[in-house]
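Next comes just one chain, in structure tokens: the form predicted alone.
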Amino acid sequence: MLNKNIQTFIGCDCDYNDARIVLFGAPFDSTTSFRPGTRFASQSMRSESFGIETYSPYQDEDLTDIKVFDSGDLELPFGIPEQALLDIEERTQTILDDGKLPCMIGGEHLVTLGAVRAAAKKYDDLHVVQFDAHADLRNDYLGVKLSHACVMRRCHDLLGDGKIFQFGIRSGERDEFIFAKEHTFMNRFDLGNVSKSVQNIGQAPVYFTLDLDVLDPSEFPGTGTPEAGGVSFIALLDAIKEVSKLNIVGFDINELSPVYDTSGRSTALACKILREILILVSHKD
């Protein structure tokens, strides 16, 4: 049984026992390869979420119509990736064991590995769907294997070939793209072929991870590793609607670094995307 956070994301304040979805923050950015700051994302999103409405005109539904519990942020040890991942795995496992859907706000993208570890223990044949600008398939980054640049490679170590579906990828080393040809499904540059992949995945359990730098930096400048040539908000929303048709067993949204966008528009966009995902996945049994 988890206790309610004092400050919640807008509309996410139901009782834990009644919740279908449980939200938590993973404020960790110790392996960030360029500009840090994603550890402030969950706090910023909770505060700024009250600048948007609970109602989604895109879906004609409201966050208040679904049951989401915000359990607050984990207290993660700075500079100790493995311990942070263990803490994330434990929180995710608690939520899954209670028959609920975990929703994590990162943090850098490495935090996804902790949640995937927990989901893989509970669900056989787990698949991962990744929206991202970066392949994240390096075997190591500066000799370190636990890095946000390596998170999908570590997920592959856990899940094996053909279980990772990557979209929007437009950055990485040559070896990463070679690895992807042999071991993952990769759709470069945009979110095309999402519908086809949804059909191919079928009813297999899926962990969905959204790195917000998949968006073009003209729309989303507030991230540590911006990459030109990204997708639009509307294209992202349409693709998420397709992914929500899958058997989602957990999901996260990561790599918002609010300190790099003093206008606040990146945080506002992240809040809006989270609202839409929460409503979409709430309909899945």
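All residue numbers are counted from 1 along the displayed sequence. Note that the structure is predicted; figures quoted are calculated from it, not measured.
Only in words, not in the display: the form predicted together with another copy of the chain, which the text now covers.
Asker: Heavy atoms within 4.5 Å of another copy of the chain in the model of the complex: which stretch in 123 to 131, 159 to 167, 141 to 149, 201 to 209 meets that?
Answerer: Careful reading of the contacts points to 141 to 149.
Asker: Applying a 4.5 Å heavy atom distance criterion, does N247 contact another copy of the chain in the model of the complex?
Answerer: Residue-level check for N247: no, no contact with another copy of the chain.
Asker: Does L86 make contact with another copy of the chain in the model of the complex, using a 4.5 Å heavy atom cut-off?
Answerer: No, no contact at 4.5 Å.
Asker: Answer yes if any heavy atom of S171 is within 4.5 Å of a heavy atom of another copy of the chain in the model of the complex; otherwise answer no.
Answerer: Yes, S171 lies within 4.5 Å of another copy of the chain in the model of the complex.
Asker: Do K196 and another copy of the chain share at least one heavy atom pair within 4.5 Å in the model of the complex?
Answerer: K196: no contact with another copy of the chain in the model of the complex.
Asker: Judged by heavy atom distances of 4.5 Å or less, which residues of 209 to 224 approach another copy of the chain in the model of the complex?
Answerer: Residues within 4.5 Å: D216, P217, S218, E219, P221.
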